[in-house]
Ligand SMILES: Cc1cc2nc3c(=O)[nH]c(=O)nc-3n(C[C@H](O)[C@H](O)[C@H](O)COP(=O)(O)O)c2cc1C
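Presented as structure tokens, the chain that follows is alone, the form predicted on its own.
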């Protein structure tokens, strides 16, 4: 079977690519608007772009009617955000924050999470998350046309918060973190754990 993305509708192409580019890490993004209302939402179009300088990015799609999500509105207004890691024990709370609450409703409160003041940016971090990254926007890329415009936010990491219990000897223990990831669209709402791992050494040059 051969498929040309330009010939597919938005729903079908989404289902294909969320299965092809998989498993996907989850950026649990906290932002704040200009009147101080916090927002928290997960995005699985997320990746590291550079280590020196430390740059990462995540994608935010528009609503079906073309409306902007609170995350992109807040990022455009403040140029700041925090990415919080989602562990297995936080997966239920993360899922709650994926709901489309109005701006005046706090996802932190709905999910029983603690907003903790960040050191270098205005948006709070998730107190229960073992690792949080304070970021400042470098660029926002736009793809598509109205009403389905997708935004990809590129940000520089200014500060990394690490829970010491996950860093024995000063090195992050990935197995201890138990991070979860997003899988494909069939079956829907499918996630994975990072506890089934194996080691494969790189060949010598």
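Just so we're clear, the structure is a prediction, and the values are computed from it rather than from any experiment. Numbering follows the first chain given and starts at 1.
Another form exists, predicted in complex with the ligand; not displayed. Remarks below refer to it.
Each of 39, 60 and 107 is positioned with at least one heavy atom within 4.5 Å of the ligand in the model of the complex. Partner contact region in the model of the complex: 61-69, out of 133-141, 159-167, 48-56, 61-69, criterion any non-hydrogen atom within 4.5 Å of the ligand. Distance criterion of 4.5 Å from any heavy atom to the ligand in the model of the complex singles out 94 from the list 94, 83, 75, 113.
Interface membership of residue 191, defined by any non-hydrogen atom within 4.5 Å of the ligand in the model of the complex, is confirmed. Of the heavy atoms in residue 98, some are within 4.5 Å of the ligand in the model of the complex. For residue 26, a non-hydrogen atom is located within 4.5 Å of the ligand in the model of the complex, even though that partner is not displayed.
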